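Next up: a single chain in structure tokens, the form predicted on its own.
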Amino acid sequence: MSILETLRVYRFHYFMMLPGLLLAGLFVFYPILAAIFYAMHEWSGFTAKKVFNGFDNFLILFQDPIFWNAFGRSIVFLIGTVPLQMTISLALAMILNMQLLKLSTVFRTMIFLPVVTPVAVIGIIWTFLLSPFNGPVNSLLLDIGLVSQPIDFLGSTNSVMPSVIGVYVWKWLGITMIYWLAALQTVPDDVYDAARLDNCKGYRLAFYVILPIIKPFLLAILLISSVAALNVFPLIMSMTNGGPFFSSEVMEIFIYRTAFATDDGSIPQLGYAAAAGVLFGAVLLGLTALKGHSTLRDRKTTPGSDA
């Protein structure tokens, strides 16, 4: 069947796909191509003149210590959040998945509430809670005697990243818990019955029975959480704005500051920021492709997946 014949036979199907393709073209493919185009130009974004410089922006990026510092902080944030988030959410999912646990639905809802709360609201509230000036967290620590003076959680270069990491894990713990709960639903009831007959419970049931069964879901949840952990612009922007002294400036804050909000009064460099965005997007694309490859491999190795 030729291309024209295919278009004629399936014209209604393509017509129904047209709105989605138009939206994807306007809001996905065009911005990607525009970013690549701007990345190859020296352009401030405030003038009509664009000077083509090829790959010079990328070459300068590789020699820019500020870029690598921001990139490194993104990796540190990723390493600091994902393992903690996955471990705590898995423990909560196993506890809340118990059929005999009363009010499990209420607890699930309470843990999931921060997920649906706007990130900007979360950032502003936690900025107040962590404030060294009569903030509730510092007041509690002072009252119970754990500290002798208030801690400037968001104003110290040593504590700002752990503080933001803690807020991020609390904010998105519920969604990862939902992923684990979905994975736990695939464990047959017969497995629990057999484990109960063998008096296998507690950590032995979790480590030797349940975890091996839900292991195929581990990589998918890990990659989803990793991609999400690299997109933290609204939380860090609302809490620290990349400070103090750029100690919480991750890649997204670096791109934004370079393109629109330079702190030293210099001219914004939209082309240079676009090059940084392209490199950062390539990292995210690589993680997403890895997730797709692992999902396809798991489907091929799962019995009955072709049914």
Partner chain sequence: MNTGFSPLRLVFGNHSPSMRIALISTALTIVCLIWIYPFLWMVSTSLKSNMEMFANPSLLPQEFAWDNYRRAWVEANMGRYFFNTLIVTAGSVILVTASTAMLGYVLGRYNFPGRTAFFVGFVATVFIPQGFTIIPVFELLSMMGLSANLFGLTLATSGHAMVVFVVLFAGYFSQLPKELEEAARVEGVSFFKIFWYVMLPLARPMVVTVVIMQVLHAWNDFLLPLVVTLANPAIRTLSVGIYAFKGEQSIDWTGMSAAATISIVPVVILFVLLQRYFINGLAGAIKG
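Numbering follows the first chain given and starts at 1. Only the largest set of C-alpha atoms that superpose within 1.5 Å between the two forms is called the rigid core. Source: prediction; values computed, not measured.
Below, we turn to the form predicted together with its partner chain, even though it does not appear here.
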### Query
Just to confirm, residue 231 within 4.5 Å of its partner chain in the predicted complex by heavy atoms?
yes
### Message
Even though the partner isn't displayed, in the predicted complex is residue 55 close enough to its partner chain, meaning a heavy atom within 4.5 Å?
### Response
no
### Task
Flag residue 260 as yes or no: does it have a non-hydrogen atom within 4.5 angstroms of any non-hydrogen atom of its partner chain in the predicted complex?
yes
### Task
Mark residue 278 yes when one of its heavy atoms lies within 4.5 Å of a heavy atom of its partner chain in the predicted complex, and no otherwise.
yes
### Summary
Note: exactly one of 76, 191, 147, 182 sits with a heavy atom within 4.5 Å of its partner chain in the predicted complex, namely 182
### Output flag, 62, 142 and 209 jointly within 4.5 Å of its partner chain in the predicted complex, heavy atom basis
no
#### Entry: Contacts with its partner chain in the predicted complex - residues in 6-24 whose heavy atoms fall within 4.5 Å
6, 10, 12, 13, 14, 15, 16, 17, 19, 20, 21, 23, 24
### Query
Core-aligned, is the CA shift for residue 280 between this form and the one not shown 2 angstroms or more?
yes
